Ligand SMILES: Nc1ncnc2c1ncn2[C@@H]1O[C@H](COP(=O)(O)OP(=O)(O)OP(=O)(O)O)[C@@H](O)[C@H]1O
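Let's start with one chain on its own, the form predicted alone, as structure tokens.
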Amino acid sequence: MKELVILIRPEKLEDIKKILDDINCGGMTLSTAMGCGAQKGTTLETEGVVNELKGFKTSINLLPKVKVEVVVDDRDVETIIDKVRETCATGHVGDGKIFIRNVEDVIRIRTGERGTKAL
């Protein structure tokens, strides 16, 4: 089993959900995230926006992203990667990343099922 951590532009979330639903992945976890990489984000100079920052100029260079986490069977990994790239790649910096991690085991708390049966 593999865990895919997919960081995408917020407007691509419905596309990702459809891809994962079509593969019957069983479930996913979504989080909102802020980040920057090669895209660098945008810079705002603010004065006194937050009391702790009063009188200081602060650079905010983080952009909104959505973090999708899903654990899938090894055989589905390349299919998901290909479909995510086809759907989310705009050719511009900031399209996102996919991180792949090995998962040793998974246990469904309710029934005690283990492995792919628990997905």
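The first residue of the sequence shown is number 1, and the count goes up from there. Since the model is a prediction, treat every value here as computed from it, not as a measurement.
Omitted from view is the form predicted in complex with this ligand, to which the following refers.
Chemist: If you check in the model of the complex, is residue 95 within 4.5 Å of this ligand, heavy atoms only?
Modeler: Residue-level check for residue 95: yes, a contact with this ligand.
Chemist: Hey, in the model of the complex, is residue 36 touching this ligand, heavy atoms inside 4.5 Å?
Modeler: Contact check for residue 36: yes, within 4.5 Å of this ligand in the model of the complex.
Chemist: If we define contact as a non-hydrogen atom of the residue within 4.5 angstroms of the partner, is residue 7 a contact of this ligand in the model of the complex?
Modeler: Result yes; residue 7 sits at the interface with this ligand in the model of the complex.
Chemist: If we check this ligand in the model of the complex, which of the residues in 61-84 reach within 4.5 angstroms of it by a non-hydrogen atom?
Modeler: Sequence-ordered list has one entry, 65.
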